[in-house]
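Take a look at this one chain, the form predicted alone, written out in structure tokens.
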């Protein structure tokens, strides 16, 4: 670690290690006996000190000493000298342990515990830290402890910032010093300390500082990580803002009345098996507090208090970028020719707050009209009984004007304009532009290409309403990086995919080039559902969801996707093709649980079931990780728990068509399981379900 290779033990060393282990076992056995019998005599406490000097990582011994200290302090509360003597002895034990291993978590935590008693002097702590940081200036334990001591001593952030500067001047590769600098700067800018009130001036100074390090040694990663942090600070919005919604402002939407919901196939009519129409709010940050008090919805057929807003997130958190509720569609006796005006007011009452604690302070209002249609369906138009096929000859190129009203004309208004963001982006664009021009001199090396790609991507993100101007160059840079550095291929590929989707969704014209009408022999007209086809793009990650809230039919086949995280934002989605990707388990499809309107799903020709252990379940937070024990498995068609992942993802879905062929999990027993799990299923792998 840190460029210090491990050396194999010599035979003489092995003998010494064996003798040390024998001594340790004897001490540990005696110590555990004392601990179990709650013996806190002077001899017993001294024995624990010897044990910790040999093995500072024995956390039980540190806890034992805490118990001993508490008992001894209780016996001499009225004697300040005895109290100080006891605590000073603990500090000596910690110091001896740190000499053995200055990266011992238990030792540093114990020292904090002693100092928090409030009887010890802080004078020698910074001196002690200087000694340990002289041994390893990047020791993050020592840096964490320094922040703790500085807080107790009430040292100013400005003084600590000067210390990090001195440490960086001594060693540009001191990652911990750079990290501490980022912590201190965040605090200083947050409280608007003198000299740190103008964020653009502060960041400009920091860019100049880190450039000196980068151009001194371009192969050292410490400065590059700090540069990446600065870039994030530059483009990150300080305030939570509403960036997109469905429906959009000024839209005019036709819906079937409740009695005529089923069977509508025309794209200008939103069709649902339930009597609910979704409202979706898409923020630029994770927020909480979205409810009927902070979001007011007025219409002719729903009470605002009855609406329940829920975060669209794959975890159990009460914060999310995307929030949704549903309007109950009225019964058919309401006058079909009447338009119902709906107004959604966001943030006019306090309560919406970002995860960083910043309140939503830029109220937004969205108005749209709903028309209820009560009309008989044409013969053969009942799509519930027709099987959707995803072959190319089933899709016709979209022709503007073929759908009334033309929903795609609303794409220009999907992104909400925020004046505060437009004003702030001026200095941000200037900084990024300057950095880009400087780092173009390093385009002959890997890190130079990556930095320019990040800078250009950040520049595009500052102007969400404008067409991105650097997508082509960024895509070329990531393509070159995938060839130059195959060990990080997946990282470059994911970023390449996000930029490609940003390019595709950047304008109405670009999106329309990928919009197709679905054609079926059972339909009497050519105006079938409108499908957005993002297939055959070789994308490995999804993004730009704020531009896709309108999509009902989506083709993502023949890509390299391993997850659909974020797709839960598309609440209108009723037909989805994910065939020929790289999904390894149903856990990767967890976002499907939030898509209550989904009726048609194709996950054929993937890798589901090929991997016996789903490692992502343990690496990432997931409600599936906590739900196994809480489920009622006493269901007669679940003879085993083999299909527990499929059960949790699919069990509440009202699918009418499902394709799973071509996955390792597919079998006759699995098909029987699916048919019983999904009572609404009419088609399974192209075969009609009896």
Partner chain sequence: MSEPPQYPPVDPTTFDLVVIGTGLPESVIAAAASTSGKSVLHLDPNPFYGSHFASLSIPELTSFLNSSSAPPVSLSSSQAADGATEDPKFSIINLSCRSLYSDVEISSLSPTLLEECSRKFLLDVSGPRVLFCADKAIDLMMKSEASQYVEFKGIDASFIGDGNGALSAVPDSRAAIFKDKSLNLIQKNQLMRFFKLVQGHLRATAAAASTIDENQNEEGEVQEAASMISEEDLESPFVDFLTKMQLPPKIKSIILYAIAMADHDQENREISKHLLKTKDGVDRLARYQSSIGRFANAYGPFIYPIYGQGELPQAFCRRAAVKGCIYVLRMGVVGLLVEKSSGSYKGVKLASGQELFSNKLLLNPAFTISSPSTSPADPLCVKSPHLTVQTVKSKVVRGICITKRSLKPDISNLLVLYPPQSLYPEQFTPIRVLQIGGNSAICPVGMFVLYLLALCEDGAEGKKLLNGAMSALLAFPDCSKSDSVVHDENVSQTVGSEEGKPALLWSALYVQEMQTMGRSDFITSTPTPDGDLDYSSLFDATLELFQTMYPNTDVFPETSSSEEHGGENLES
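Positions refer to the first chain, counted from 1. Because the structure is a prediction, the values reported are computed rather than measured.
Below: the form predicted together with the partner chain, not depicted.
Residues placing heavy atoms within 4.5 Å of the partner chain in the predicted bound form fall in a single listed stretch, namely 213-221, out of 496-504, 182-190, 478-486, 213-221. The partner chain is not drawn, but in the predicted bound form it has no heavy atom within 4.5 Å of residue 392. Heavy atoms of residue 81 never reach within 4.5 Å of the partner chain in the predicted bound form, leaving it off the interface. Proximity of residue 441 to the partner chain in the predicted bound form: non-hydrogen atoms within 4.5 Å are present. Although the partner is absent here, residue 173 lies within 4.5 Å of the partner chain in the predicted bound form, judged by heavy atoms. A heavy atom within 4.5 Å of the partner chain in the predicted bound form is found for one listed residue only; from 153, 538, 445, 469, this is 445.
Of the residues 135, 358, 429, 209, just one reaches the partner chain in the predicted bound form with a heavy atom at 4.5 Å or closer; this is 209.
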